[in-house]
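The chain below stands alone and is given as structure tokens, in the form predicted alone.
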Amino acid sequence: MNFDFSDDQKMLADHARQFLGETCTFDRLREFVASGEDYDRALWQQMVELGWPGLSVPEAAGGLGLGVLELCLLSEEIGRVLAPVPFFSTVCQAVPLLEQAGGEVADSLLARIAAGTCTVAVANPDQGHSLELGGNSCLDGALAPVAWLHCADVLLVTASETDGTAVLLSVELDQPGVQRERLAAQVLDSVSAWGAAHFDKALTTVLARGELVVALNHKLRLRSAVLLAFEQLGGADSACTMARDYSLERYTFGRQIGGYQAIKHKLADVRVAIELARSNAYYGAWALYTDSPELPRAAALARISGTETFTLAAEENLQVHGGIGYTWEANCHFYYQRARLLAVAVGGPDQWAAELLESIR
């Protein structure tokens, strides 16, 4: 079994790291927060020019036709810089849903995503909502909170028909039957953007129904867990590097604080946790790529390890920075906020721990 990436894939990751390291700096993050913009549109446009939105879109729809392994690597690099763009929902979630659902509408949306003219919000199927699908596929009700919902072009959401049949819907959000708002005060992560929407006879398109929808949502949840694990891995690695660099710059009693055993142990513990999380993330990527029966176990392991590691790295980064680590002037809080947010995305650690136990019985 080979759990490593190919040379071409590693080259993609290197180029992505260099590009994002130059463009998505902490200064840019602070400018984004101060601007009140929905997402960093200039950065997203640069990603479009690089072909990232269409990375896994089939070539027939105008994409590059690459696979989930390349998405794993890009997710790690995006997580490393905390890029404020709708990459995860549009590329990692919407594309596989649309590709597997099939049909003319799905193909059209895939082409729009590949061209960079469409961003997509994806509602978690486990998330409670009050949506009702009436006659002529009109949608009524409310939905909140969903990442990038207030600024996306399209929403993908699972609802039920009057007879209880599950349906996967595509909703064009720029229509009279949709009212949206940004949920700024309710979101911990100041770099992420979440929104709510109210639907009043909004026109929708049914992409799939019945057992296919259930299967698509189950596979999407496992896929999201693995890709989020890579995003968490990138964030944890960057937070650890920040803590290490500060420990070499900060002096107390005439010596670097990195020379003290207490700091060494903190950083060593974080580095060990990162390597363990990387192994579990690679296992999840392999299981996802090969469609292995071990995917539920691998996804749970990647999810749990990624969450624990990113949380540990973010917290220890704050501790190493001491009193200034808790202030807005320091950059540590960006990682802590994102770690807390990702910890509850697609289910918390307790839920995944229960699923892990179930998968090994």
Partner chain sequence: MNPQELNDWLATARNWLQEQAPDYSGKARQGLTMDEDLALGRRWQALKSDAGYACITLPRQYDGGGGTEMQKILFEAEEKTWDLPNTYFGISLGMPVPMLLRYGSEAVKDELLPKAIRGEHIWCQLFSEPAAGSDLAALTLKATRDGDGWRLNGQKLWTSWAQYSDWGIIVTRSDPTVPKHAGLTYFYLDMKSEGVEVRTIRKLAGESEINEVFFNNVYVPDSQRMGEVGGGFKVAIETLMVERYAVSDEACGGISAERFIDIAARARIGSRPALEDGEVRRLLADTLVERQGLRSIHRRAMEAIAAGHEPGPEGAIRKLLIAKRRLLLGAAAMDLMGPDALLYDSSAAQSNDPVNAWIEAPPIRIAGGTDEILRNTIAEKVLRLPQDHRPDKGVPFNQL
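Positions refer to the first chain, counted from 1. Since this is a predicted model, take the numbers as computed values, not measurements.
If you look for the form predicted in complex with the partner chain, you will not find it shown, but the lines that follow are about it.
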Inset, instruction - Among 90 to 98, 74 to 82, 256 to 264, 170 to 178, mark the stretch whose residues have heavy atoms within 4.5 Å of the partner chain in the predicted complex. - result: 256 to 264
Inset, instruction - Consider the chain as shown here, without its partner, and state which of P58, G322, G51, G67 has a heavy atom within 4.5 Å of the partner chain in the predicted complex. - result: G322
Inset, instruction - Find the only residue in L318, L295, L29, L43 having a heavy atom within 4.5 Å of the partner chain in the predicted complex. - result: L318
Legend entry - S35: touches the partner chain in the predicted complex, heavy atom cutoff 4.5 angstroms: no
Legend entry - Residue contact check: H198 to the partner chain in the predicted complex, 4.5 Å heavy atom: no
Inset, instruction - Consider N136 of the chain shown here, and say whether it contacts the partner chain in the predicted complex, taking contact as heavy atoms within 4.5 Å. - result: no
Inset, instruction - Tell me, yes or no, whether E22 is in contact with the partner chain in the predicted complex, where a contact means a heavy atom of each within 4.5 Å. - result: no
Inset, instruction - For the three residues T117, E132 and L207, verify that every one has a non-hydrogen atom within 4.5 Å of the partner chain in the predicted complex; reply yes or no. - result: no
Legend entry - Contacts with the partner chain in the predicted complex - residues in 325 to 340 whose heavy atoms fall within 4.5 Å: G325, Y326, T327, W328, H333, Y336, Q337, R340
